[in-house]
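Form predicted alone, single chain, as structure tokens, below.
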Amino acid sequence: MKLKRFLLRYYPPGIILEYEQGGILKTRSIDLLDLSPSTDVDKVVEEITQKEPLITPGKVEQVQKLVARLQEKIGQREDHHYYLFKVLRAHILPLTNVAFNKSGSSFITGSYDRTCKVWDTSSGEEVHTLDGHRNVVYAISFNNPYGDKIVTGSFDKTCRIWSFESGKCYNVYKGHTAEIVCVSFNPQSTQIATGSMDTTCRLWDVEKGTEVGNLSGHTGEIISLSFSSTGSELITASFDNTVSLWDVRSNKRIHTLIGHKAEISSAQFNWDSSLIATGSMDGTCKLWDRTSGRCTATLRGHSDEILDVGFDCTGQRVLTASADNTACCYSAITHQQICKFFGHEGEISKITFNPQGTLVMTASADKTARLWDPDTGECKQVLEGHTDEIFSCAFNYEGNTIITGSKDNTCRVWR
């Protein structure tokens, strides 16, 4: 094995090692999830060099500089105020979803008008209209971090994969017998998972355009899915009140996470895929140990349905958004509530951390999105202007641009 170069990853903090083995270029990562401004850099570097044979004595000084740079980035807390940059009259019918590519230079919008549109973030210009579906385009995603492909899932029961560069459709995946409501690329961008109202999840080969797995076992619609960070496992969340954990290689179910008393609305892995968070219509969020499939905590901070859950980039905090007009932030380690976010006058359907973990964004039926301090629960800014419910919102990778999607048929870019 020969080390070729180091790559820095800011969110979550880590160093990627690019090395050659048997003539093949490979990568592996050193995750520094506990790194903070007060961490002893020398101690961290010592631990890395003890565990990592690729880092020879001659490379130690370079690693020290990289860790120090990561630490400096973590310590930067910008009090950024977001201004409305563009209002995009994106579609002739309401939007369903919005998503950025990795760099945030482009984003996509899905709509009830049966199309997905590709936009240039800096100019607000439409780049492509991805036209071909015969019903609502409900689920959309880039193959981040690469960003050269887009997947769309539709109520027409098909999934399509498109070229970001040309807007041409590469493949149409047929097989589901009901609406597709969630899609995801695996981290390697070699497979796509689709979840459907037909109660199944299907796996597709990106290059060949063929079905490589049919994950059946749920008795209700699948409404959320997520790959683990290695891409070897997948979770599916269903209206049958359960979440299933699957081995992608064998297509076998590893665990069924049973405990919720109503439909699941959202399920997410944390960064290292050691934990799974599930939100339910029963008003609770549960944390599960991925290895054993056991429930390790039930977070009861809401008086109504939980509509969305999410982790910060290191997987140490978990967010919940509810139909009770509030949101909560918890420690994923101690399970204690850190703070509660009060202020919305309608249900909160989406919640997310910025990449740095210093801000929380919520999208609500009250036509606003809000930005919050995750340590204190203080509302830092209200993003106003939409004339109908906001149901989708996203930060770019740097955290300096936001997109919000609304039932008013527009998408707004804030920076």
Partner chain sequence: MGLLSLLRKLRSNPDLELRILLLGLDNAGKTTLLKVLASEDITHITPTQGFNIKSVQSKGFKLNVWDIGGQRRIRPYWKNYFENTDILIYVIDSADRKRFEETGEELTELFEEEKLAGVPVLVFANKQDLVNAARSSEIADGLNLNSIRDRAWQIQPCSAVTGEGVKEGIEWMTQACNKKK
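Remember, it's a predicted structure, so these values are computed and weren't measured experimentally. Numbering follows the first chain given and starts at 1.
Form predicted in complex with the partner chain: not shown, discussed below.
Student: The partner chain isn't shown here, but in the model of the complex, which of 262-270, 166-174, 145-153, 332-340 has heavy atoms within 4.5 Å of it?
Tutor: Residues of 262-270 come within 4.5 Å of the partner.
Student: Looking at the partner chain in the model of the complex, do all three of A99, G231 and E398 come within 4.5 Å of it through at least one heavy atom?
Tutor: So, no: the whole triplet misses the partner chain.
Student: Considering the partner chain in the model of the complex, which of L84, I223, I254, C295 comes within 4.5 Å of it through any heavy atom?
Tutor: By the 4.5 Å heavy-atom cutoff, the listed residue in contact is I223.
Student: Just one of K157, H218, H344, R290 has a heavy atom within 4.5 angstroms of the partner chain in the model of the complex, so which one?
Tutor: That would be K157.
Student: Does any heavy atom of L93 come within 4.5 Å of a heavy atom of the partner chain in the model of the complex?
Tutor: Flag for L93 set to yes.
Student: Test of understanding: in the model of the complex, would R370 fall inside 4.5 Å of the partner chain by heavy atoms?
Tutor: Flag for R370 set to no.
Student: Can you tell me whether W119 touches the partner chain? I mean in the model of the complex, with a 4.5 angstroms heavy atom cut-off.
Tutor: Flag for W119 set to no.
Student: With the partner left out of view, is R249 within 4.5 angstroms of the partner chain in the model of the complex by any non-hydrogen atom?
Tutor: It does not: once the partner chain is placed as it appears in the model of the complex, R249 has no heavy atom within 4.5 Å of it.
Student: In sequence order, which positions of 97-122 have a non-hydrogen atom within 4.5 Å of the partner chain in the model of the complex?
Tutor: Sequence-ordered list: N97, Y112, D113, R114.
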